[in-house]
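Just one chain follows, in the form predicted alone, and it is written as structure tokens.
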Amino acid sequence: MSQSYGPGDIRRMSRRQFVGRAGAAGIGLGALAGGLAACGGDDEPAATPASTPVPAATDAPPAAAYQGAIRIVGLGVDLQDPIKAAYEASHPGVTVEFTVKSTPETAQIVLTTPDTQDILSGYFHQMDQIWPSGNLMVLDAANITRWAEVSPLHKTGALAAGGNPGDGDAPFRKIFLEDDGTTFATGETAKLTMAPANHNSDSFGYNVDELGEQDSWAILLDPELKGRVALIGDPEIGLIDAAMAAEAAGKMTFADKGNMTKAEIDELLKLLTELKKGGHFRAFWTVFEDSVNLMQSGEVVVESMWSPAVTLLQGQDFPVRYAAPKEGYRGWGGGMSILTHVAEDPAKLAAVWEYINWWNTPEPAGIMASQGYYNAVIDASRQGLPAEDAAYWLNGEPAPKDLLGPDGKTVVIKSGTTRDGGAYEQRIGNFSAWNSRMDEADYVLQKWQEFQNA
């Protein structure tokens, strides 16, 4: 029998307790870890330090027998127990130490205490804030063993030539560097900020019993749903969700939703403030648990949501769906950067590169794919999944049987279910905007706080 949680239960649980109980309720631990980390929290972003020279690209040294820990800080999308167990089992003598933090916290650590970590596992849109510090190495694409197979999404912005990459910080806009190692390049180069790892398509969750099938961001601003709508409270993501809703509803247009002008920010926040004062929004969630609780309790019928939160509720037979918006998804891309101090230890540097390249192999790609995430080398995802699982997660087909999560025990997808949005090519070929850090990031934070306090 599916376990049900009352409105106050989730709020009282610690993150670790919630993951444990939710796993028993119907979703794998790894999937929840990804969702929890993706929330980002409501911390203020760290200040960007003055630009400093960035070290030149460093060739990976010959394989060296490193015995010890590789320290990785990130959002938890990929910093999961199944990943740790798989890597350590195949690399005796090497351990991985995961530090899971919110988006602003990961930036703060890399900017202020870089020697405490060896790898940043983060988002491409964080590069605007972090790269000028000089605390990350320039990476050589030649050191990525399956670079030729990395999805064109990361290299050109679309799966097919002529495709629309969407607005904002798509990976291809933040991964390549000019020869100086400091300036983002507009086309493919051999110098990289991050080695591509994971990517996905985000949208909104909705109660299908209450609303029927929905396929437009405009539903977030539907006046008939007054008091039953929630947005994520993270300004760098919530503002983009709101912009897509405003544009879909015909209330505004934007030159670039991922990099709004002050005038656009002012107009959008004025619209949102009026709605907030009129009682349109039930809540602005900042942690994964609250998004689950808001939907499950019936307090909201539509909201910004992460895919693992939807999967959790579906596993409990709650009538939630994850929209495939006709206007396009909000995308995110993740990768790995190497902290500059690692170059001082050739053996550790070799081990770090080994870990990064391991990510493009079937085992970790399959673990991530079984939660809905895509590897930068999509063939690795296909190779890492049994055919029955790939039918659902990658091919847009009904699951031919109950599918298990990364723990190999918990049913996360029930037989006959079809993934919202369809196959990989359908979901990843349709973006409206990407998670972004705007040029006016400080202004966004100021105006968003005023809106929240209105």
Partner chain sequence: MEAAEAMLGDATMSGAVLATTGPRRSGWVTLGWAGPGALWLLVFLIAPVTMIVLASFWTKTNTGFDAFKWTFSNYGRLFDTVVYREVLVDTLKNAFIVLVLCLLIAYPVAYFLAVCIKSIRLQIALFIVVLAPFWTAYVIRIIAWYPILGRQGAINYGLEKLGIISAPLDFLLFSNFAVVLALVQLYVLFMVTPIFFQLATIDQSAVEAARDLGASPYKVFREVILPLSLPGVLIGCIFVFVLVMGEFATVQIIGGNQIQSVGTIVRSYYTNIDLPAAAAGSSILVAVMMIGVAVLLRFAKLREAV
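Positions refer to the first chain, counted from 1. All of these numbers come straight from a predicted model, not from anything done at the bench.
Just so you know, the form predicted in complex with its partner chain exists too; it's not on screen, but the next bit is about it.
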Of the candidate stretches 224 to 232, 149 to 157, 353 to 361, 302 to 310, the one with residues having heavy atoms within 4.5 Å of its partner chain in the predicted bound form is 224 to 232
Answer with yes or no whether K348 is in contact with its partner chain in the predicted bound form, where contact means some heavy atom within 4.5 Å. no
Looking in the predicted bound form, any heavy atom of A283 within 4.5 Å of its partner chain?
yes
- Task: Using a 4.5 Å heavy atom cut-off, state whether A107 contacts its partner chain in the predicted bound form.
- Result: yes
| query | Any of the heavy atoms of V320 lying within 4.5 Å of its partner chain in the predicted bound form? | reply | no
Exactly one of Q314, T340, Q214, N293 comes within 4.5 Å of its partner chain in the predicted bound form through a heavy atom, and that residue is N293
Students should find that, of N143, Q129, N259, N200, the residue having a non-hydrogen atom no more than 4.5 angstroms from its partner chain in the predicted bound form is Q129
- prompt: Taking T182, K326 and N430 as the candidate spot, are all three within 4.5 angstroms of its partner chain in the predicted bound form by heavy atoms?
  reply: no
Taking its partner chain in the predicted bound form and a 4.5 Å non-hydrogen atom cutoff, the residues of 356 to 388 making contact are none
